[in-house]
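First comes one chain, alone, set out as structure tokens in the form predicted on its own.
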């Protein structure tokens, strides 16, 4: 065992190496753009240079002189596709803005032409020679730009169901002993996965194969089929590896159907790899947000009133909102709660999911405010959270299935050395450096969705698992193999896993931290079916329930009991009894509380995710506590973060190695969201100006020299059969608040707008 492969604690699996480690480090792993195609045409996008207006015309004469040019597709000659429906309103699409549908321009960087050539270089050269004349209109860029419109999110988006509230906030706040009112802001941020957005489309006999990095192959399959007006069975998506996504590849973007239609017209494979700067506008991003937090408390720190008002930017076309108040209004005990989320429309591309979509901006506001309240009360921030800890969420009084928040704070505080922290700001120095310590809570809903799996077990103990899950760097291959190995009682090395193909049994989107819980629950169920079949062969006379035997219990047959328990299986005898050498089973699993149409929706590529705060009689969340040390140079105002410590409780940990990796990356990204990341917008033109990896700041090793991840053992039997809570998005929630809280402890300066740069420091 090493730091990277922690010793497993109770309810944790073994830290086996990643299933896909060798293929990835040796270059054998094939990503979407690596797939070999026979005589492909190469596509290159031309995108709009204005954010609002219309195209008056194209001058293609110079572009057509490029040797190897095949065609240039614009709105004037493009195939008209079916009007898309936003994923948040029951559709598949990331946006309803349709490129190449008309001369109208609705956003900066909108796709306005696709250039096709025999080589990538020729396509690029011709694309750069395309000349476009526009009639530009004055765009609205962001919150403070003239021309925005604002309305409550509730009622605009079917996915947005509530503005949580309980009690009488106004009266309780008016009567509170201590009051806090503060405003917070978070910026636009872009995912920037290492793998660029790519699409390759191949037609053969009316069948379409798509090679594209996707977090949801069944959603992509069905969404593209709908746009093209063909049966979904005629579309296959192949995507064994995704080189990072973080939400940007979770829903269908307009480019896919465009490339598919062009490939059908050409009767030739077409390959598109968008450029880094195009990725800022042809996909989604984290919208900028604004928040007002009002807290009323008694002198002993108990919350008596809490209100969270949030506002989010979206496009003119789409009412997208993440609405994180369902988390912030339930995190702490409080009898009087109010909230509201508004959508502010501007001339921008539509936002979308980005790792921990609601939690990162909304918990920043709440956890910053909790630190401000603690200072106002002259109270330790951890003790303020302890006073307001609760086993029942306040809105519906539903019990948490498990809640280890304070255990995480206690364990993290010990590791961090929190007891040595000075409560008075600007009192700890190290030469020219001001030193500060901050903390924040993190939480993320435990979510699950229907999934199907096929498992084949051979006489020699080898097994194959098939499920259309997604390897986005999260260790899906690894934990699925471990789940099967544990359930079948065979070595991990004897399991092969097939994922990332829409021809496999459907699995949910790799988002919402539901993948491990959903796929492993399905795989374990089907492995149980395999065991039951083998035990039945060994126990042919035990198939009926014997009501007289109390040991059977709950009406289960001895066969079922043996299969579902950990009872060892004599595999050779079972196969001899069956007279065959291979057993294969298929099964479909859905979580408790999933709607009746879950299995049909699963095959249609539509999500029926349940969990979190939306469970009928309980609430399920994973929790953690994060600690940050900052150092700020008193002369240059440089900000350094030498230490990040996170303690997390996430139910069953399938693999401590992959879990630690995800949580460590989350902590670093959380720090980055506080100090580095922001997509800068030209307010005059509503265009992104730092759409590259030179100017869009990202952390490197030197920015995070010390990162410690603590995994607390936790067992939760009230969530899903696998007992997994999910942790992929937990690690980067709250970190931005912890950083700002540490900056206050170092300097005495409260900074409520992200990112914090050295020019913001006044100390």
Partner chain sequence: MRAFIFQRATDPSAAVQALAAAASANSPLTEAAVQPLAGGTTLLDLMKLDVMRPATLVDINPLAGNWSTIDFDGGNLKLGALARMSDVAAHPQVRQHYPVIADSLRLAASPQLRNMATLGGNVLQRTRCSYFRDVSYSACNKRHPGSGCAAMEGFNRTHAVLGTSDQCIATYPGDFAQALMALDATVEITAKSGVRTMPFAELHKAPGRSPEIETVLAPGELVSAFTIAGRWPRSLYLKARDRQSYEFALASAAVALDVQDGVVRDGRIALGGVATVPWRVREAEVMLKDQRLDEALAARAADAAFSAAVPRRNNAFKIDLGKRVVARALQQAATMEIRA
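Numbering follows the first chain given and starts at 1. Only a predicted model underlies this, so the values are computations on that prediction, with no experimental measurement involved.
Form predicted together with its partner chain: not shown, discussed below.
Between the options 161, 684, 603, 462, the residue in contact with its partner chain in the predicted complex by a heavy atom within 4.5 angstroms is 684.
With the partner omitted here, the residue from 233, 503, 104, 680 that has a non-hydrogen atom within 4.5 angstroms of its partner chain in the predicted complex is 680. The partner is not drawn, yet in the predicted complex one stretch among 359-367, 297-305, 688-696, 333-341 has residues with heavy atoms inside 4.5 Å of its partner chain: 688-696.
Its partner chain is not drawn, but in the predicted complex it has no heavy atom within 4.5 Å of residue 185. By the criterion of a heavy atom within 4.5 Å, residue 4 is excluded from the residues contacting its partner chain in the predicted complex. Put simply, residue 539 is far from its partner chain in the predicted complex: not one heavy atom of it is within 4.5 Å.
Not displayed here, its partner chain is kept clear of residue 228 by more than 4.5 Å at the level of heavy atoms in the predicted complex.
Contacts with its partner chain in the predicted complex, taken as any heavy atom within 4.5 Å, map within 128-165 to 128, 129.
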